[in-house]
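Shown below, as structure tokens, is a lone chain in the form predicted on its own; questions about how it binds or moves come after it.
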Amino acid sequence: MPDIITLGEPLIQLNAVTPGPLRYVTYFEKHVAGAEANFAVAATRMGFSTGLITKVGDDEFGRDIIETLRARGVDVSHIAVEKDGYTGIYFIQRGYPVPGKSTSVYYRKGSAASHLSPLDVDPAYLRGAKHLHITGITPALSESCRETCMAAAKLAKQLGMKVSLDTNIRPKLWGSTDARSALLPLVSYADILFTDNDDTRTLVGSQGSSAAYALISKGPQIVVLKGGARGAAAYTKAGPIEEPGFKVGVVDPTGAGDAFAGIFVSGILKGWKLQDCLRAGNVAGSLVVTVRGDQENIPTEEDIKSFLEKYSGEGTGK
């Protein structure tokens, strides 16, 4: 059985080769992506066995996802192929209207993964695993996906697994559904919570340390506030630990937070200090943003060591 299991929708990403409005883009690169798949690849790069629970369509994009994740070391035995379903895709618009930022344009409503149900979570598959990772993206896809995330989190706790949740609130996906009421019940099952100031304002109406401690009071042992180039901070009942980011050239920031989470959780499972987990996560995020595609530049543990030994950027992202 895998050490780490995650649950959510893998997607085909069509990333604009040139920056600017999509209406003027001629060429796109195809990548396999999706928050949970990115997390799984990151943990695999750190030496852990991982598995993904999801559904894809019976189409070429679904086959691409299965073959690519298998090649990257992720167990795909619990990726179901929906005969009449289709695989979600999204486009990345880079550098417009804000330089250095990217915009996601989704075509995933009604996709195969949105039909996930609690029956897709096999207790025998989770039994023996160390960790379950979910994100706030999956509950936004459908009511059955919300039920599936809750069922998986409950089962994981019953089996003695640790659980991490990355809030990852995507307003484009939630529509009229209240993200706060859907995600706070999941927060109570999380041992590690990844979030940022935008998401905490939605969840608890505040940001920074006050939001972190408000969230800790709901159950998590560790709350990590991600700040992109500014770095990240980990809050526990003992207090905060901060780690600055790194200055790098940004090609596309999409997927940096997923890599951060996968590396951070891997560090926790390896017994690292929180400071080292934060620093390694920041390295992973910094490398991911320097290329198009979410998974291609996720580092191994050796890559992280090399980066920290040889990085010669001017200061940090503070």
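Only a predicted model underlies this, so the values are computations on that prediction, with no experimental measurement involved. All residue numbers are counted from 1 along the displayed sequence.
Another form exists, predicted together with a small molecule; not displayed. Remarks below refer to it.
Contact annotation for Ile137: at least one heavy atom lies within 4.5 Å of the small molecule in the predicted complex.
Contact check for Tyr106: a heavy atom falls within 4.5 Å of the small molecule in the predicted complex.
Not displayed here, the small molecule is approached by Ala33 to within 4.5 Å at the level of heavy atoms in the predicted complex. The shortest heavy atom separation between Thr44 and the small molecule in the predicted complex exceeds 4.5 Å. Residue-level contacts in the predicted complex: of Lys218, Arg230, Arg170, Lys130, one residue has a heavy atom within 4.5 Å of the small molecule, and it is Arg170. For the options Asn38, Ser286, Ser266, Thr50, the residue carrying a heavy atom within 4.5 angstroms of the small molecule in the predicted complex is Asn38.
Exactly one of the stretches 122-130, 106-114, 185-193, 70-78 approaches the small molecule in the predicted complex with heavy atoms within 4.5 Å, and it is 106-114.
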